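So this first bit is one chain, no partners, the form predicted on its own, shown in structure tokens.
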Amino acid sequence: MRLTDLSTIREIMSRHGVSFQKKFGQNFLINPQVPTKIADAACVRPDDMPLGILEIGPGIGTLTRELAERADKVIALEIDTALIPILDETLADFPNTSVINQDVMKTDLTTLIENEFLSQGMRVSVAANLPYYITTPILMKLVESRLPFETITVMIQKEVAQRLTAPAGDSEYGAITAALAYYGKTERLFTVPAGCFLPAPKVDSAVIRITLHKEPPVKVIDEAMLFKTIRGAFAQRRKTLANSLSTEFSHLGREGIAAAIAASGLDASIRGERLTLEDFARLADELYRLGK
């Protein structure tokens, strides 16, 4: 079954009376090489332990079929009820695949992952072609869940991929970049031109992979303070770090903020976009001590 073939896609959707749903950000792949490359990147097997994949937004099952050929089990979460009959058809020859008609943002991932994967002794990773409009909320839910995902391999808007993988000091580097670095190593794998989709979006996409840390790469006194510090550093990114932090830490006053920056070994005139995760960790600890 060639689910990247234009005539096949149109025939299946027409037969089931289904149309593309803009509200769900639906863009189906029509380049057969892309789902293959995503599945290869998501289904890494460093050992003989069974591999389970959580897929978010399977669409008509194009990527799902590739994942099912490589993994021992695939659980796909699909928000669009109209696509469930199509998935029943396109995935019929893969008994290791199940589709759940749920919104990932409303799903109890802890229970799902425990019941479907961990209880069966499986390693688990995530793969998805994410809608542009909800990329960040989904990624943050996945990493903040603290579930033992080994990798999260997702296709997202190219500009967002550039931001998520930007190094400190780059103009694209932002709060989400630094926050994700606490949870895992994010790498950009390849670009997917807009012409690889039906309907074609207005922008290109890119595939990234987040390899989750088993332990955070930095130790801090208080995690909440770390993320508050990161958020504050980018509150007014055109201003110096001291001025930007004044929004989140107004109770410390300018002198207190300046003292924390100096104690962290940072220059008074530095901007938030130049701080590495290690810099943020030191600064967060100093701000925590001052605020006690």
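No experiment lies behind these values; they were computed from the predicted model shown. Position 1 is the first residue in the sequence shown; the rest follow in order.
Below, we refer to the form predicted in complex with S-adenosylmethionine, which is not included among the displayed structures.
Contact with S-adenosylmethionine in the predicted complex, judged by any heavy atom within 4.5 Å, is made by just one of 77, 189, 168, 176: 77. Checking 227, 28, 249, 234 for any heavy atom within 4.5 Å of S-adenosylmethionine in the predicted complex turns up a single hit: 28. Contact check for residue 136: no non-hydrogen atom falls within 4.5 Å of S-adenosylmethionine in the predicted complex. The closest non-hydrogen atom of residue 102 lies within 4.5 Å of S-adenosylmethionine in the predicted complex. With a 4.5 Å cutoff on heavy atoms, residue 55 counts as touching S-adenosylmethionine in the predicted complex. Among residues of the shown chain, residue 129 is one whose heavy atoms approach S-adenosylmethionine to within 4.5 Å in the predicted complex.
Across the options 113-121, 78-86, 159-167, 181-189, residues that bring heavy atoms within 4.5 Å of S-adenosylmethionine in the predicted complex belong to 78-86.
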